[in-house]
Every structure is written in structure tokens, then in C-alpha cells.
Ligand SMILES: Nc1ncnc2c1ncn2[C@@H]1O[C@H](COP(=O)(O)OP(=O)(O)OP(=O)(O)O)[C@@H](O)[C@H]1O
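Read the single chain below, which is given as C-alpha cells and is the form predicted alone.
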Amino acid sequence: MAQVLVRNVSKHFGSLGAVNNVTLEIQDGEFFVLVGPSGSGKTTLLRMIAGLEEITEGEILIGERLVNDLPPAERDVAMVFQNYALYPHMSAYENIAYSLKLRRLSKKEIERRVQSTAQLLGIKDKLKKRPKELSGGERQRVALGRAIVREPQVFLYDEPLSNLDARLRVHMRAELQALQRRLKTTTVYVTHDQVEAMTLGHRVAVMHEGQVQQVDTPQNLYAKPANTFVATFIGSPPMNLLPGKLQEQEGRLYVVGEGFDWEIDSARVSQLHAHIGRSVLVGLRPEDLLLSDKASNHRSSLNIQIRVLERLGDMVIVYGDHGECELTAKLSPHTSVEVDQSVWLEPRIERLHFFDAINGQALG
């Protein structure tokens, strides 16, 4: 196992900056996730750690070794790809054992490692089969086995579950978590799926346009997003954002916008007082909007016209319009609402998020 240090790393393809001045400290034994949309630079960064892409600027250390100029074979890492990359003419056993044969390990040691790995992954009865005879989940286990059998310092995963169906993805996520607990090997995992990132990562780095937006635990990314990109990328459905302005009225702090006038709870006043008079974006998680009685104070609630309903069994997701803004709310499955209906939604004031309207950075 080893710590991975990424120091001021950049990658340019001509004038295009795919990764821009990224610094990360991945702890020994940590399951670290890089998440972001397509084109955010996460896979390019992973490939630079692996040695499959040259670094334009910066340093990468694995353990205490600077690996910038080392070829992939000498970095003591193992990578699992999105498409499995199994040799079709080889059996599962031969695929798993191939790297060990290249290292000229003894037949006895190869047999020990392959059988131990197959036992760990539950594929001992599949070792004689070729990839075309295996299911998607079994092929993925063979690809994992090929990485595990090398006993590397670092595992690198490039969207390894994206080719699996939804049910198998959930199952394999649980298996990867169990493997991480047993092997305790430093792991860097790339995905565009924020659910995967939140369920697997000890810590998560959210990337956008080649830059790291925030590094934190899944819980903190959700509860304390650093900017509007993280706020709307992490969470499903994404956070609502409403334009407003912070105003002081008779010694009290309010956020005022189209159709609403909310007093800020006392615990937040000291954090936001310096921003009085500033235009802000008010963040509201869909689960923090509650169906309200129309007879209540309308300035404390938001009126929306429902456009779309999604009845998911354990919840109803409501999509509607509030003036020029789109709003999404998660409501009880027993809620009686219909498309084209006008309803009132009241926020949990203590759970509001505030962002600068110009640069999108969190306030307070």
C-alpha cells in the first residue's frame, strides 16, 4: 500500500488544458473517488497516475517515489478498465495469471495467487471458461482478479461498472466496498456517476473543466458544497437555485426574491452578515421543500405550477415552474398532486444554502 501525491499537475493537448494545476493527497489505504461530467479531466488524471499519459507540468509520487518518468510497468499499480480488456482466446485463469507469467513467477506461486484471488471474488468455478462464456458481472470479476493478483501498491479503476445493468451495478458496488475493507489497498476510482462516488468513496474529488472543485467526504459534499457546481452535481435530483438578495430589516436578516421573503435563522446570521446587500443564489435541496397549506403566509412559501410528476413508490418527485425558475421537490408517496396543479411549497429555512450570484462560491 502507498500514499499517492499529485502536486500541481497539468495536462495540455496543444492549447487545450485537459487537467489544470491539480493537487491531491490520497492517503495510504484510502478509497478515493474522482467524479465529474464527461470532459472534466478525471480519466486523464487517472491515466497520468498510471503512466499512460505524459504529464505536462507537476509531480506524481507513489509511496515516496517520484514516478513522472517511470513507465507503467514500474509504478506498481494495477488498472481496471471500463471495457474489461480481457484476452478473448484465454481462459479466466490465463487472463488472471498472465501478468504473473510475464514477471516469471513460479508455477506454484501463480497457482496460489490465482486460486486465492478467485476464491476472494467467488469465481473459482469459472476459471476454465473464456470471456465469451461469462456474464458481464463475471467478466468484471475476472478483470478485478487480474488487478488483485498482482498485489500492487495502488488500484486504479476507470469507470469499471459503467457497462453493467443497473441491478448488477448495485451488487458490484457492494462487492467493491467489501474488497476494499479486506485488501485495504490504496484505490483511485473514476466515475461520472455521483451515486457511485457517494457510496464508494472515503473521500471524493469533484472535477469540472480540468479543475478540482472540492475534495471532501460524501456527507460534507452534500451538506456543505463549496460552490454551485458541486451543489447541483452532487444530489439527485440536483439542488434548486433561486436568485435573491440579502437584506437587513429592523435588525433582522432576510433573503428576498421573487415571491419569497425568508428570515434567516439566528444560527446563520453571523456567517452571512458581511454579505448584506449582495445578490445571492439560494440553494434548496428537493427534500427540503414541503407541501404547504395555501392559507399560510404566501411570502414564506413558493407557488409552483406542476409540469411533470415521477411516482417512484417511496416518493413523488415534482417538477414545476416558479416564475422564471424551475423547481424540483421530493414529496411523500401519499401526496395527492397532479400535473398542471398549482401548489405551495415551504422551505426548511435552517437548511438553505447561499452562494455568491457572480462567482458561485458558497457564502458563510
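Model, not experiment: these values are computed from the prediction. Don't overthink the numbering: it's just position in the shown sequence, from 1.
Below, we refer to the form predicted in complex with the ligand, which is not included among the displayed structures.
Proximity to the ligand in the predicted complex, defined as a heavy atom within 4.5 Å, holds among 126, 203, 169, 192 only for 192. Think of it this way: in the predicted complex, the ligand has a heavy atom of just one of 261, 216, 138, 159 within 4.5 Å, and the residue is 159. Here the chain stands alone, but in the predicted complex its contact with the ligand, taken as any heavy atom within 4.5 Å, falls in 37 to 45 among 325 to 333, 305 to 313, 66 to 74, 37 to 45. Looking at residue 24, you'd find every heavy atom of it more than 4.5 angstroms from the ligand in the predicted complex. Interface membership of residue 18, defined by any non-hydrogen atom within 4.5 Å of the ligand in the predicted complex, is confirmed.
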